[in-house]
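Okay, so here's just one chain, in structure tokens, the form predicted on its own.
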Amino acid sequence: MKKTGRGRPKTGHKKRPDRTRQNDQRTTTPTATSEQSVVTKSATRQTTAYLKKLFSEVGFSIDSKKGQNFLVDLNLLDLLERTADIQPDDIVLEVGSGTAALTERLARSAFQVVTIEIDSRLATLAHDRLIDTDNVQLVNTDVLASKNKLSPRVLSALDEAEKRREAAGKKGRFLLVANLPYCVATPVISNLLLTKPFTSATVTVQYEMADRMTATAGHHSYNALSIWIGSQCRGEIIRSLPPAAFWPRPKVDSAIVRLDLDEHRRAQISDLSRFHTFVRDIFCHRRKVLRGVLLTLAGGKKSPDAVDRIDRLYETFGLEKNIRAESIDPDTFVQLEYEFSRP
């Protein structure tokens, strides 16, 4: 599902060629010793005609506030699945179950899928579609408890999936694969990296956001999100998606993005929460000279200790006096934050 409001494709990025239930809903309860479940029937072909007919039959109306735009280009839906490269022992988190068109595909390959749907009407439709699938846990809830916190129910469902995999004697990865509603895309990815990092994330997002997620220092889209993701992941825009790929059609373009966690680079961040806050604080004043922002955070330009502290920091990193935050790469930001935060 998608929220309307997507940026236009830009150049400069490499691309690869190419009825109401409020509790958790599962198709069946998998046993701890069972092998990976397999979807025996072929995935339903989610087309515009199929959705219109289905929604007409059940009296469902689109709620634009929840970002309900469904991916109906079957080739792109398949591309999303292929790009995720799901393996038999993987646990997959999907945010925005919709009618479960993607969920079916994920379940064919994964050990366990935890899929989240905020709309109880869609959760019911998805549950009915997945009735014969025993490796999917459908959770009817908001994925976020707040802007800066994931829902405890979502985290609990993921923990349960990990316990089932461990009981089955298997080890695998944790993946995020989703047609992300734009209204939650940034906090979902940011909070996962903060508290429950994925091995990889393959998602559809607003193209403008895809630009930010993969932007490098000096790019016009480079911001706090670019640094937060760039300090921990390798990112790539796989394909731009036109409005016609979705129903209802959004007003602008989208993209499939893949992010791969770089464990070594992530380990260089001494305090993830502190670093996250530091970067956000800096980019609240992104158009200002970095020195002035750092002075404010250190105690103000009227404080001799603060001035001396920032002078030493600039000397250590060889920073130009008038440099701005958007000119500094993620790895340097990690080192800068560490030195800034030292007693």
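What you are looking at is a predicted structure, and each value in this text was computed from that prediction instead of being measured. One-based numbering along the sequence shown.
One more form of this protein, predicted together with a small molecule, exists but is not displayed; see below.
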* Asked: Heavy atom within 4.5 Å of the small molecule in the predicted complex: which of R280, R291, K66, R309?
  -> K66
* Considering the small molecule in the predicted complex, which of S200, T83, S109, T141 comes within 4.5 Å of it through any heavy atom? -> T141
* Asked: Would G98 sit within 4.5 Å of the small molecule in the predicted complex, counting heavy atoms only?
  -> yes
* Although the small molecule is absent from this view, report whether Q206 comes within 4.5 Å of it in the predicted complex, heavy atoms only. => no
* Touches the small molecule in the predicted complex: C183 (any heavy atom, 4.5 Å) -> yes
* Heavy atom of D119 within 4.5 Å of the small molecule in the predicted complex -> yes
* Asked: For the chain shown here without its partner, which stretch in 129 to 137, 217 to 225, 234 to 242, 69 to 77 has non-hydrogen atoms within 4.5 angstroms of the small molecule in the predicted complex?
  -> 69 to 77
